[in-house]
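Have a look below at one chain only, the form predicted on its own, in structure tokens format.
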């Protein structure tokens, strides 16, 4: 009678032993010796142990992957539960257009301003020379102009665009916030200023882009279509446009690298970088810390709806 208390492993070992004993040729019709049978059993056990070890490791790996995936999904759900949509998809597309065009323009433009630099010569060689550089620079310029057209239409026709434009207008509170922040940095104030939807830092970034855009696009178009421009304007207008384009490009580069990158990416509270430009969301903690006045308005609005 079969022993019901045998483990699955023991049953498998017996089956393998019987199989091996049945297929191995016996000598002169004699049965296999006990030593040979034991050897078969040992080999079966060894192979079975190796097989089970591999399977068990694979099972453990699957369990760990499943647990890791579940933890990741739970974390994502928890994060989404306490997040606030700061920028919509149209705003994020504009930002991607802006920084893509600016990166292209910086890489292709600075080698022209500093032609004798070793770095400029290296970058120019990678681009394939002055002719390719000119094409790439114009592609970046076209993308930048496309951004300004998109943003203008968004500001006029989209309710979020109109709201943000009004919010971005400078106010007397911004000047007070600057002095409050300076006092906070030097330890003369206990609390830093409370910001609404946009701080004075973000307003500076926004209007710098506007001012820079007027100078860069205006002077760039004069240089791009110089034959047409010189048929309407004297030569010194072209010379002024060239100098303004060059100097404003350098100023914009330094502002982006020193001012914008620090505030958005290199600030210790944000390092190694903010992804709000990608998903457009801020956590509850970020909202309370960076935009407490806007957070209070949002929560009051939710309370009003629930009443």
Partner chain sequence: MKKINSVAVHSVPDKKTKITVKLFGFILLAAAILSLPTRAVSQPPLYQKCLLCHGRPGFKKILPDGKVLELFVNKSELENSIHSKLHCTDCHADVMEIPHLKIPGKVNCYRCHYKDNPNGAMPANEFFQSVHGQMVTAGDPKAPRCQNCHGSHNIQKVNSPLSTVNHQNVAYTCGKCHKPQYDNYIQSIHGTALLDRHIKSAPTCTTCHGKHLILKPDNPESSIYPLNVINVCSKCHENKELIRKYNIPGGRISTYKESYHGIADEFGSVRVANCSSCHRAHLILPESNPRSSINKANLAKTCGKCHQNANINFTKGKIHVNYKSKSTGILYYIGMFFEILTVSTLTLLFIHILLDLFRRYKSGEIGGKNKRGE
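Numbering follows the first chain given and starts at 1. This one's a predicted model, so the numbers in the text were calculated from it and none came from an experiment.
If you look for the form predicted together with its partner chain, you will not find it shown, but the lines that follow are about it.
Its partner chain is not shown here, and in the model of the complex it never comes within 4.5 Å of any heavy atom of residue 85. Under a 4.5 angstroms non-hydrogen atom cutoff, its partner chain in the model of the complex has residue 244 among its neighbouring residues. Interface membership of residue 179, defined by any non-hydrogen atom within 4.5 Å of its partner chain in the model of the complex, is ruled out. Its partner chain is not shown here, but in the model of the complex it comes within 4.5 Å of a heavy atom of residue 187. Only one segment in the set 95-103, 158-166, 108-116, 144-152 has residues whose heavy atoms sit within 4.5 Å of its partner chain in the model of the complex; it is 108-116. Residue 233 is the only one of 90, 224, 233, 206 with a heavy atom lying within 4.5 Å of its partner chain in the model of the complex. 121 is the sole member of 171, 197, 121, 194 with a non-hydrogen atom within 4.5 Å of its partner chain in the model of the complex.
Each of 215, 258 and 262 places at least one heavy atom within 4.5 Å of its partner chain in the model of the complex. Shown without its partner, the chain has 262, 267, 268, 269 in segment 261-291 as residues with a non-hydrogen atom within 4.5 angstroms of its partner chain in the model of the complex.
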